[in-house]
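Shown next as structure tokens: one chain only, the form predicted on its own.
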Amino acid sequence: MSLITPEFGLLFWQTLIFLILFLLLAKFAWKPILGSLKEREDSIESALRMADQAKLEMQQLKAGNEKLLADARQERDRMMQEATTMANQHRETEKARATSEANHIVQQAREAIQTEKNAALAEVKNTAAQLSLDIAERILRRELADPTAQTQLVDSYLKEVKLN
């Protein structure tokens, strides 16, 4: 294998064409290519900044949502506490009212029982008195039917009155 060495003229023209091509590329191609690369780099940086900003906004929104959720939970707990307190107060009020009403009913029943008892006792006394009078009248009729018995009865009553 042998190496081929190019001639000077070929090297000259190749170098000249390379320099012309390089200058043409530098003047017309490199600037637009570098501009496009720079533009792409800027758009990527902008997109990254916007992504970071969106991420930050999402974190802020998430924190805001968590705060709203925590506030809603606190409000729910407060409302539940108020409802429980109101229910307890209502229950205690109703219990006190029912107790008061029951005591009033019991007191009325006691008064009614006492009134009935007094009426029954009065009726028993009246009946006993009436029976006593009836018995006494019958005894006196039998005793006083005989004139000698009447005289003896009057004498015994007079003796008792003098003794007392």
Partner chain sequence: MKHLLSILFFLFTLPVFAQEPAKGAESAEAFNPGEVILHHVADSHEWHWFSTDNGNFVSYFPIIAYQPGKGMSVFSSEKVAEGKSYQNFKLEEEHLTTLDGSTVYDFSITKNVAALIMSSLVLVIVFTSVARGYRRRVGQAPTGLQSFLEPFVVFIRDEVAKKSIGPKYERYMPYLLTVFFFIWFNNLLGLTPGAANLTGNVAVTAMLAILTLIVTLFSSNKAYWSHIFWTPGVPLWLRPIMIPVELASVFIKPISLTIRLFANITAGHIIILSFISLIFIFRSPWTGFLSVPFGLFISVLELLVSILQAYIFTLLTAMYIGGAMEEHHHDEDLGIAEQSHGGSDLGHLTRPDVAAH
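Everything quoted here is computed from the prediction, not taken from an experiment. Positions refer to the first chain, counted from 1.
Here the subject shifts to the form predicted together with the partner chain, a form of this protein not shown in this document.
Residue in contact with the partner chain in the predicted complex (any heavy atom within 4.5 Å), chosen from 33, 102, 120, 50: 33. Proximity to the partner chain in the predicted complex, defined as a heavy atom within 4.5 Å, singles out one entry of 57, 41, 111, 137, which is 41. In the predicted complex, the partner chain sits within 4.5 Å of a heavy atom of residue 9.
Taking the partner from the other structure, the partner chain in the predicted complex has no heavy atom within 4.5 Å of any heavy atom of residue 156. At a distance threshold of 4.5 angstroms between non-hydrogen atoms, residue 3 is in contact with the partner chain in the predicted complex. In the predicted complex, the partner chain stays beyond 4.5 Å of every heavy atom belonging to residue 96.
This chain is displayed without the partner chain, yet in the predicted complex the stretch 33-41 from 122-130, 33-41, 58-66, 103-111 comes within 4.5 Å of it by heavy atoms.
Residues from 13-45 that approach the partner chain in the predicted complex with a non-hydrogen atom closer than or equal to 4.5 Å are 13, 14, 15, 17, 18, 19, 21, 22, 24, 25, 26, 28, 29, 30, 32, 33, 34, 36, 37, 38, 39, 40, 41, in the order they occur in the chain.
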